[in-house]
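Given as structure tokens, the chain that follows is alone and in the form predicted alone.
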């Protein structure tokens, strides 16, 4: 499963990259608006840091297909070929998806709440579809199960599209999808940090260090004892 950072704050992105094996960054208009800066200024900063080899997902905001396609062309021209344009999974979005497939521009179907939205996007040629796990939960359904159902639909119909699960509230949701073999997940920095926060682990490491220093002296380790 690919693991991406769902954020546009460059300092947070750098911190996650420093410690964890991630595959890229996703953004959306709401995330970009929080920074209060020109979108392309922020996105180019992210692209420069993560490099051309990492995935970057950027959303089009037009309401009509022609506008989405126009945005997509500029997004890729500005940010490189390994940039996936996020297109909403609604009628004008599906129209845009078919046009983008003809243009050879890769795209991610976003705002996915149902398996049939995902199926239609995959038929349009989407590289990824992004079900909103927590938002689906908030509607009274099971977001993790919806993502699993979408994954199964793709495999059973021999579609190359992968699930890019989004909108997580906790690490348990991510664990379940990781166990199931979902293609990718995009996760907020605080949730990624929470994957390894465990007082028992910290206590065990502290005990090991204390015992070793009791043997060799304070501040000693295996390179200096």
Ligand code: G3P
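Model, not experiment: these values are computed from the prediction. Residue numbers count along the first chain shown, from 1.
The form predicted in complex with this ligand is left out here; the points below concern that form.
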Tell me, which of 95, 135, 148, 106 has a heavy atom within 4.5 angstroms of this ligand in the predicted bound form? 135
Residue (of 162, 28, 62, 171) lying close to this ligand in the predicted bound form, criterion heavy atoms within 4.5 Å: 28
At the 4.5 Å heavy atom threshold, is residue 58 in contact with this ligand in the predicted bound form? no
Given the stretches 127-135, 72-80, 87-95, 150-158, which is the single one in contact with this ligand in the predicted bound form, using a heavy atom cutoff of 4.5 Å? 127-135
Heavy atom within 4.5 Å of this ligand in the predicted bound form: which residues of 160-174 qualify? 166, 167, 169
